[in-house]
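One chain follows as structure tokens, the form predicted on its own.
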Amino acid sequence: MKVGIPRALLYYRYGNFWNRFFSELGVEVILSPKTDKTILEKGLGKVSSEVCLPIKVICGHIEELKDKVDFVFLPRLVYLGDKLYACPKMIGIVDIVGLNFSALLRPKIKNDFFLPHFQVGLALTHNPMKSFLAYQRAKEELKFSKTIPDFPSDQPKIGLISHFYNLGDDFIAHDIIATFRKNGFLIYTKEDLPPTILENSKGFAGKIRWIYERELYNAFNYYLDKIDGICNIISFGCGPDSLVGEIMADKAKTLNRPFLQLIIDEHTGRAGLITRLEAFIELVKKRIVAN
């Protein structure tokens, strides 16, 4: 039996866990290739132009997989923790895909990771003990940073504030990351911070009811006075990100911190993107020298 896992969206946080889980079940895992233009174009033909880039990308990955596997694994992550929800498009894309492709494994995750995965394992193996042990072994892969990163004073530092499924996908983020690194910047993301910081509910963060947007805001807030500039990357059409991004921009302006907001989609041109980044980099470097 072959189960396909799209190399997109939630894969960039939970992919190692899912790979291990299905391997422990004795199921062959087929990963879709890394995102490229062909995969993106496949996705564009399956969803409305109004959805955000990561949703278009995952639809392309599913198209790439569906004729090569017995099932595609596409969990519906509804909420985590204190009923902090995923964005509506992330929740709803499972139904959209299901209209055209019925061979989906689509567990519904509502905070508890164990039961939905146990049920998937049981459906595939009909062996409760095997499913239970597969989950227990795989959960070792659900690792998050436990330490706070260092902030060396002798190197310029930038915070890239965006979702893991943007920054983890080379097709989306390669030029952004490469441009900062080429100019000597250390890069900090929210994935470098421990849950104790990302899940903080004090102040404005407590009013944010989207799980990953709360993480974004908390990372921005933590880095604001520790690094030299913030670059916030938003997918065009993402309502939650747009709202939280404006709050970030306003706070950065009030505190006079260098802040760049990039809105990206499938039409974003490489040359224009790099030009904006290089202009921001010059601004940040001048501020460093001035201080």
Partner chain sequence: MKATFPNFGYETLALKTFLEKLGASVVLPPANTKHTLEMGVKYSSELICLPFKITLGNFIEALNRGADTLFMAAGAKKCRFGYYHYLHEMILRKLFPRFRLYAISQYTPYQFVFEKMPQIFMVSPTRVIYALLILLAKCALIDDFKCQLRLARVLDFNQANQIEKRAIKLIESANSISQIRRTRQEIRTIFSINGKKPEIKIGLVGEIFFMIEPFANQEIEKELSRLGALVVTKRSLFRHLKHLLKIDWEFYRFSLLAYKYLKDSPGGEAIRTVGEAVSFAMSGIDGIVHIYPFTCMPENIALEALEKASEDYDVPVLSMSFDEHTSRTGFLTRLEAFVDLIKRRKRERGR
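This structure is a prediction, so every number in the text was calculated from the model and none was measured. Residue numbers count along the first chain shown, from 1.
Not pictured, yet referred to below: the form predicted together with its partner chain.
If you check its partner chain in the predicted complex, you find a heavy atom from every one of V78, Y85 and P88 within 4.5 Å. This chain appears without its partner; in the predicted complex, the one residue of R137, R209, K143, K182 with a heavy atom within 4.5 Å of its partner chain is R209. The contact residue chosen from K202, H174, K108, H126 relative to its partner chain in the predicted complex is K108, the criterion being a non-hydrogen atom within 4.5 angstroms. Heavy atoms within 4.5 Å of its partner chain in the predicted complex are found in one stretch of 65 to 73, 222 to 230, 30 to 38, 238 to 246, which is 238 to 246. In the predicted complex, none of the heavy atoms of L104 sits within 4.5 Å of a heavy atom of its partner chain. Under a 4.5 angstroms non-hydrogen atom cutoff, its partner chain in the predicted complex lacks N256 among its neighbouring residues. In the predicted complex, no heavy atom of D112 sits within 4.5 Å of its partner chain. In the predicted complex, none of the heavy atoms of L260 sits within 4.5 Å of a heavy atom of its partner chain. The partner is not shown here, and in the predicted complex the stretch 1 to 22 never reaches within 4.5 angstroms of its partner chain through any heavy atom.
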